[in-house]
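Shown next as structure tokens: one chain only, the form predicted alone.
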């Protein structure tokens, strides 16, 4: 992704923001306009922007040539819709998880003047998406499909968040609920649909494709999203904090992580007892015991085998696709995440 395209992408953010804080459907005064602008700047453009930029990337690979100014704008607008969706999820997620920081700054709801107003801000972020789609895509033949796609993916993600939350209910810490199939379901719905499938689906619709004819593409991307989350779980424990930019807390937080699921599968009765006694406890000695067990069970080697097997399986599926352009899109995605360190 060229820095030129990234700067164009950021310009589109400013255009969309300006349209939203002057939306004729609501009579803004200075206070409300300033609030929304501050809220957007704080929550929307601060991440890595991978999901949003992937829409332009994917569309360019499908087209196989230079994009017109209009195409760059439309692909960017769809990319920003995904970043808006992400911001909406994160603002509410942080409240539910009682988190303190996000992207190296205090969570939005932690700011003195914000507090629980953040709940309504989340709703506003969610409602900006159809405003953007209506303004820029209403005349397009794929408009209804786009609205439908965003609604469906939002439903899947919220449902994934629900299974995650009810599996890790505080006060009901029960490791026996954790299995590979539970982990996979949570990941598939909570992460893979909106992070992997949605950007490519947006590009396919813009390119005039029928999503119903691309079930195989969806399956490959969901598989890739699952692999991505397993990497995330691995890096949470074994990644260097200075590289990944955060200190992992999956063990303390009693997360249904791929590592604990694998450990439960491989452990003998004594080791299982250690896990049951120490997993999900905040004190450093319990965390150290769990990590020590991960080392004993050689989860690094187990992960390496999983990573290699996933890569081989994904490449085989991708190369089986009849369209070289679609293959290029999927390979570009895989290239960004394979063997990543952060």
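Positions refer to the first chain, counted from 1. Here the structure is a predicted model, which is why all the values come from computation and not from measurement.
Absent from the display: the form predicted together with another copy of the chain. The rest refers to it.
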4.5 angstroms heavy atom contact with another copy of the chain in the predicted complex for residue 11: no
4.5 Å heavy atom contact, residue 294 to another copy of the chain in the predicted complex: no
Residue 28 within 4.5 Å of another copy of the chain in the predicted complex, heavy atoms: yes
Close approach of residue 216 to another copy of the chain in the predicted complex, 4.5 Å, heavy atom: no
Listed residue (36, 67, 299, 53) with a non-hydrogen atom within 4.5 angstroms of another copy of the chain in the predicted complex: 36
Another copy of the chain: the contacting residue among 255, 184, 136, 102 in the predicted complex [heavy atom, 4.5 Å]: 184
Site test, 240, 243 and 281 vs another copy of the chain in the predicted complex, non-hydrogen atom cutoff 4.5 Å: no
Partner-proximal stretch of 149 to 157, 74 to 82, 255 to 263, 199 to 207 relative to another copy of the chain in the predicted complex, 4.5 angstroms, heavy atom: 149 to 157
Residues in 103 to 133 with any heavy atom within 4.5 Å of another copy of the chain in the predicted complex: 113, 116, 117, 119, 120, 123, 124, 126, 127, 128, 130, 131
